[in-house]
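Presented as structure tokens, the chain that follows is alone, the form predicted on its own.
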Amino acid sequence: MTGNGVLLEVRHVHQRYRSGERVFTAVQDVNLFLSAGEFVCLLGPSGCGKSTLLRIITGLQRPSQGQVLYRGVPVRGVNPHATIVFQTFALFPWLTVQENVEVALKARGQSPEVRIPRAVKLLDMVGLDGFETAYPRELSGGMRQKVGFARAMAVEPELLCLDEPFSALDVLSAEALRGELLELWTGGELPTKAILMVTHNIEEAVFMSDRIVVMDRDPGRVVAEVAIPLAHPRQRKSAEFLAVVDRVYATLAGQTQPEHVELGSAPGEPGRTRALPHIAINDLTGLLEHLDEAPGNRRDIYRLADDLSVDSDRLLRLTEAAELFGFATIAEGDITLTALGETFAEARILARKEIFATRLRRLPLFRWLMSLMRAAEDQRLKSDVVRMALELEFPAEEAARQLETAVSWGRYAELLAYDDDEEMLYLEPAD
């Protein structure tokens, strides 16, 4: 693949790390390339290894296996031709806006005669002329991220890497900054040859990029590539734009598999332990009620993002939960309420709890938790004990989330109770 304008190649990259006795795979056998003139998005759900892969590409992290090449040369250490903008602003609060931009040039030994005019020019380019002497605390979130972009541009990187650069901003600031970045990129004003951006926002990826590399988790891997054959500026409401969005949603949502595949296995059993999607019961109920009112109890998944005012990452967790409980099925980018889902959506509060409890007992991870509780003295367990047991199956941060989700669902179903003062889990007495 080297040559023909190819800047970056990722060849069979794996990233593994150890937690106690367990080895976890964050990234598995990833291959991708990036050519000059391309704006490519790495898109996928939270926890699929997108940011890990970006750190590997920029040389901030060494892969466990595989190789990254830049212009055909293996990357060893930090890639001098690439720079990265993180989702947090990462500015030095004691420095002015101009001084924050100059930092990158100062670190490369540039004299004040070189770095001062360049910093001023870059700040003007991103629309911050007049704010050179301001401090980060005086700026809005969008303005602070503009300083981050200017600082990244100061070293004139060939490859600009963006790690969810708009996710910490409010909706309006993010939308404005996306448009401004695209204007600079398509107008040829950025001193960079290619952009690689990490996001979990499907509409953002389709709006900005030329090509989307779709990743999935458990383990993090590339599952598809989608070319975006749309000229800029793109119209979000056009049929062509929505067709691409629908296609990407369909790729990420997949389709409902046989029950034994959907449910996975429990901790300690052969096969992959199925993680619980991190969703609130009220949100799931809202989704099911919305589908119950849709024609034929069916809806394009991508349309639900606007219907429910949720981002794509959260929406896909909700559809995954509906599918896992048997309340809905997914196929070709559409979600359809099942008869059970319809019953749940139309049931009264207590009946919903009974249905939910019955379905919750089917989930292998929850069955495992209930068996632990029954075997414990007085059917009580410290939450730390359960969390440490989950860390044999998941990374520590994910284990904590799995415990939080299982407890929340169990309390709603009136199967578990939790004493926050003692951090103690216990079984609810049977009726």
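Note that residue numbering begins at 1 and tracks the sequence as displayed. These numbers were taken from a predicted model, which means no experiment stands behind them.
We do not show the form predicted in complex with a small molecule, though everything after this point is about it.
Asker: Between the options V40, M373, A26, L365, which residue brings a heavy atom to within 4.5 Å of the small molecule in the model of the complex?
Answerer: If I apply the 4.5 Å criterion carefully, the residue I get is A26.
Asker: Could you work out which of S51, Q402, S383, T58 is the residue within 4.5 angstroms of the small molecule in the model of the complex, going by heavy atoms?
Answerer: The residue from S51, Q402, S383, T58 that makes the contact is S51.
Asker: Hey, in the model of the complex, is G47 touching the small molecule, heavy atoms inside 4.5 Å?
Answerer: Yes.
Asker: P395: heavy atom within 4.5 Å of the small molecule in the model of the complex?
Answerer: Because a heavy atom of P395 falls inside 4.5 Å of the small molecule in the model of the complex, the answer is yes.
Asker: Would you classify Y418 as touching the small molecule in the model of the complex, given a 4.5 Å non-hydrogen atom cut-off?
Answerer: It does not: once the small molecule is placed as it appears in the model of the complex, Y418 has no heavy atom within 4.5 Å of it.
Asker: Using a 4.5 Å heavy atom cut-off, state whether Y17 contacts the small molecule in the model of the complex.
Answerer: Heavy-atom contact with the small molecule at 4.5 Å: present for Y17.
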